[in-house]
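The same protein chain appears twice below, in two forms, each given on its own as structure tokens and labelled structure 1 and structure 2.
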Structure 1
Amino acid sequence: GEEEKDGQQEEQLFSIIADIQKKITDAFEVFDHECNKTVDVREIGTIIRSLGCCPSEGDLHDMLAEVEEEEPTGYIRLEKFLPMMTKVLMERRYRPVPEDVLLRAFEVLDANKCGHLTKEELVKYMTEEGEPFTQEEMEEMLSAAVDPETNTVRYRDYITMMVVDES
């Protein structure tokens, strides 16, 4: 009957939530160096991204405000992080941008339609548009994106690499 079906749906939901919470806890524990269910607040962005979410700096700031203690300690407790992050994953918030959208964005920047951007062009776009990247983020991205032999970014390959990461 109907009740039985509701029961099954509820069970399914519980099992989905349990899976998500296990994933979050596992990701959190990688950075819980003291094994006391806390992590350094600076690791939270990395944990969130490792769970396949790509919030902007502004979103990340809001998420942190939600899980920090009344008197910030520099650490985030799992018991605060878990419910917030479970909700984010259940609602599929901050999903990575789909491949075709990324590709179109790169094609717009690639005025000569040659299938790549030079390192200089990429640096220029990344520093002049939107949220500025830190030097460190910049170097990390360039080392992943730039082909050292040609000093260009073959963005199709780069996008494939970025998108595959989120499984």
Structure 2
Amino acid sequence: GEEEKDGQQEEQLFSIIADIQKKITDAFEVFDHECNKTVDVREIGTIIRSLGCCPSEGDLHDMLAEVEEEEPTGYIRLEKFLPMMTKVLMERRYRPVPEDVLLRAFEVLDANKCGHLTKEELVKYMTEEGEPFTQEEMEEMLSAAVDPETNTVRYRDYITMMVVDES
């Protein structure tokens, strides 16, 4: 009766955890070029984000602190990464940004409420505020975001396009 139900639930939980751990290991192994369960610390951000999390740079920094060695070696071991990441996924932390929230963020930057940002405005915000983009990141964003006809960023369309791309 009750005990059985508990047993079932426990089993389900274990299988969910096992599943999550396999996902994490898979993603980790893509960057484990030497097949020794380590990855370059610079790839951790990519790995974490590819698992569906959306941390800020600051969040990433905190996570890294948890998994780095006492004396940083430049490599992160799966041994340390796995438990940390499992917890993050189980607790559903660093959830992705929903479309409407993203839209509102752009609207905040759009001081004149005209439905678009100029290229210069976007560059200014992205490279000077918050957690600034590198030049490469900026160029890449502009290549997709700027509408070549008007030379502005019609952010509504941009968001829609990006969301479609992902699916």
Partner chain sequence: MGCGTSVTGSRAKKSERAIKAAILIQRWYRCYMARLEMRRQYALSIFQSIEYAEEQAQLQLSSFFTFMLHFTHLNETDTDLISHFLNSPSDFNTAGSDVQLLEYERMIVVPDSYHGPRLSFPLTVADTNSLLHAFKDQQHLHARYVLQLLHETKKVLKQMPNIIHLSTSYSKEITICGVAWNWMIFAIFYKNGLPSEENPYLFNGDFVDRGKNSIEILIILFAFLLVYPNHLHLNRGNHEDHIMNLRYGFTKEVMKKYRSHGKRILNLLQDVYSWLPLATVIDSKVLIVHGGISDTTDLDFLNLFKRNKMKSVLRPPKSSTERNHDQERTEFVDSPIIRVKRCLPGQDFAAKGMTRPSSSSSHRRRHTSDLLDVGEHRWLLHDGINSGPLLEAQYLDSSVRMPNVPSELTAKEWKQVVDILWSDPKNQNGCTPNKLRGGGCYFGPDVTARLLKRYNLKMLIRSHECKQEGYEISHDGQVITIFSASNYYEDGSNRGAYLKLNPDLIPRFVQYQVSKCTRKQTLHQRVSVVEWSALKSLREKLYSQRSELIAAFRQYDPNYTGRISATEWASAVESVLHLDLPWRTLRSRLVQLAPDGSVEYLSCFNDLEIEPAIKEVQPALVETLYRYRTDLEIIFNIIDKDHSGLISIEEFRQTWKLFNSHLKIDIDDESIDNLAHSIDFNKDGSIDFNEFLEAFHVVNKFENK
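Along the sequence of structure 1, residues get numbers from 1 upward. Quick caveat, the model's predicted, so the values are computed rather than measured. Rigid core: the largest C-alpha set superposing within 1.5 Å between the two forms.
It is structure 1 that shows the chain in the form predicted alone. Treating the motion between structure 1 and structure 2 as two rigid parts, with each C-alpha given to the better-fitting one, puts Y94 and D110 in two different parts. This chain moves as two rigid pieces, and the smaller piece turns through 20° between structure 1 and structure 2. Structural comparison between structure 1 and structure 2 after rigid-core fitting shows the C-alpha of V153 displaced 4.1 Å.
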